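To begin, one chain is listed below as structure tokens, in the form predicted on its own.
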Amino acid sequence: MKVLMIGDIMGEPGRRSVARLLPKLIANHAIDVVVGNGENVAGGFGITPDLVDDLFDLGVSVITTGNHAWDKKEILDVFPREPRLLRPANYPAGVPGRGSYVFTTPGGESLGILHLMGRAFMPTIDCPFQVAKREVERLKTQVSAIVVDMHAEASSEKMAMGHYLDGLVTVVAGTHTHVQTADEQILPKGTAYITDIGMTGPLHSVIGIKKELAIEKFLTGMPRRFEVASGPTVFCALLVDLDAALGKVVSVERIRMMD
């Protein structure tokens, strides 16, 4: 099974990059499952019902989110009825939606997708490590292969999660910082890992935001309404070849394409 995990898709430029490049990647690499982080697709902040449909139409199989999951109020009703749209599993009980999903390919192979969010420099929610252990045990009753989107600010927290789940899941991939790391690897017990997949969005920007606005905020310290940058884009993803029956990684490849 070939799995492509796309880093945070930033606004219209990110969606445009996905529309142009994803079909080619699917065809060229015979990709079976696409997991895309969609928490920034609506102007950089949140996701709307129409954009959920757009990402599915573009070939994304499962959408993960993060701390911006709730930015658009109209999405609240979608989370409970669309199981392929995930919010972090470690939100407290009673929060709309779910944090994991089992995707089955047309060929009958199944893959578990688990979504977690860190707590260092992030909203204080339930412990991602405790929830991860519980959710992995539950998913293991249904599938052998599990990929994890660990949405977190601190590299140390993502690394700790990678080692914590090493040998228990197939992939732990970090999202959120919008900066791709060059540490893709297979950990000692067999789990594929990367600290951050990176961003799919405007290349000449400050993590997707117009650079002039970000610089102005740093210079003055004054509040500033951010806007998504325009221009050339970068597409960041992680391609994993895995054995779905055994839950084992065959290979892992970091992707960074200019568009």
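Start at 1 with the first residue shown and count on from there. Source: prediction; values computed, not measured.
The same protein also has a form predicted in complex with another copy of the chain, omitted here; what follows describes it.
Looking in the predicted bound form, is another copy of the chain within 4.5 Å of a heavy atom from each of 129, 183 and 206? Yes, the whole trio is in contact, each within 4.5 Å by some heavy atom.
Since exactly one of 78, 143, 136, 125 fits, which has a heavy atom within 4.5 Å of another copy of the chain in the predicted bound form? Among 78, 143, 136, 125, a heavy atom within 4.5 Å of another copy of the chain in the predicted bound form occurs only for 125.
One stretch from 36-44, 187-195, 57-65, 23-31 that, in the predicted bound form, holds residues within 4.5 Å of another copy of the chain by heavy atom: Of the options, only 187-195 has residues within 4.5 Å of the partner.
Proximity of residue 105 to another copy of the chain in the predicted bound form, heavy atoms at 4.5 Å: Residue 105 lies outside the contact set for another copy of the chain.
Residue contact check: residue 96 to another copy of the chain in the predicted bound form, 4.5 Å heavy atom: Residue 96: yes, in contact with another copy of the chain in the predicted bound form.
Would you please decide whether residue 2 lies within 4.5 angstroms of another copy of the chain in the predicted bound form, comparing each non-hydrogen atom pair? Close contact is absent here: in the predicted bound form, residue 2 is far from another copy of the chain, nothing within 4.5 Å, heavy atoms only.
Is the gap between residue 159 and another copy of the chain in the predicted bound form 4.5 Å or less for some heavy atom pair? Residue 159 belongs to the contact set for another copy of the chain.
Could you list which residues of 19-48 come within 4.5 Å of another copy of the chain in the predicted bound form, counting heavy atoms only? Contacting residues: none.
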